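Quick heads-up: it's one chain on its own, the form predicted on its own, in structure tokens.
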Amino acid sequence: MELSASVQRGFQTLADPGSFDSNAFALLLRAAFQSLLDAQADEAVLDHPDLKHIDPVVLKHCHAAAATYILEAGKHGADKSTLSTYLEDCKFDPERIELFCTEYQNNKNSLEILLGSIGRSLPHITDVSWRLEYQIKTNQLNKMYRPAYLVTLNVENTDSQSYPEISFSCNMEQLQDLVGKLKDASKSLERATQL
């Protein structure tokens, strides 16, 4: 697991008992898990009275660092020994390491479900349908007499097995531009596969 220097600094600040006492550490750790796993969570999780004495900038930096590390650990399927090793390198004391590992184990399944729902690939276009629309008047009753195309792309998202539709409207020039760009992309792909 490689974390940016900013995340490492935030994590080391979180490990410092002078910056975060045991109670504040536990609150911030729970807040980090809650903000990742609960879609209804908001910034109010950081407004706990026991966290008021900490500079808000430092608090948010450490919260982001903890959330980043939690996501990276979940992404790599880290076990307790991997977590402990990294936390020891960041100068966490044994009590904080144990608390972090316990909280991580309690939320590991939910975290894996969350990460699995994000997906790993872009949707694939499975079908295209279109129809010609002819606008005669606007909302202000001005005459228009302008053709437009309503295009619907049927896509398949392989990660979630969903089949949403993407719809848009365009005029003749925009449609010709889109078709031209798709032909260019197709030719580029053919050239790349022939090499």
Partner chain sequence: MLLDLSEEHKEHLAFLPQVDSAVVAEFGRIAVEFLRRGSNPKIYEGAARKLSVSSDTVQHGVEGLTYLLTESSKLMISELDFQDSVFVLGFSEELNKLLLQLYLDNRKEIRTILNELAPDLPSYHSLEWRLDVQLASRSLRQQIKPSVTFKLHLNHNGDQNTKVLQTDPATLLHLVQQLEQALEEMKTNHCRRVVRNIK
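Positions refer to the first chain, counted from 1. Throughout, rigid core stands for the largest set of C-alpha atoms superposing within 1.5 Å between the two forms. What you are looking at is a predicted structure, and each value in this text was computed from that prediction instead of being measured.
Another form exists, predicted in complex with its partner chain; not displayed. Remarks below refer to it.
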For this session: Pick the stretch from 129 to 137, 29 to 37, 46 to 54, 59 to 67 whose residues have a heavy atom within 4.5 Å of its partner chain in the predicted complex.
Result: 129 to 137
Problem set entry | Site test, Leu3, Arg9 and Ser22 vs its partner chain in the predicted complex, non-hydrogen atom cutoff 4.5 Å | no
For this session: Considering only heavy atoms, tell me if Glu112 and its partner chain come within 4.5 Å of each other in the predicted complex.
Result: yes
For this session: Look up in the predicted complex whether Gln174 has a non-hydrogen atom within 4.5 angstroms of its partner chain, and give yes or no.
Result: yes
Problem set entry | Distance check, His124 to its partner chain in the predicted complex, heavy atom within 4.5 Å | yes
Exercise. Might Pro94 be said to contact its partner chain in the predicted complex, defining contact as any heavy atom within 4.5 Å?
Worked result: no
Exercise. Of 71 to 100, which residues get within 4.5 Å of its partner chain in the predicted complex if you count heavy atoms?
Worked result: Gly74, Lys75, His76
For this session: Answer yes if the Cα of Pro147 shifts by 2 angstroms or more between this form and the one not shown on a rigid-core superposition, and no otherwise.
Result: yes
Problem set entry | Yes/no, Gln174 Cα shift of 2 Å or more between this form and the one not shown with rigid core fixed | yes
Exercise. On a core-based superposition, does Val128 travel 2 Å or more at its Cα between this form and the one not shown?
Worked result: yes
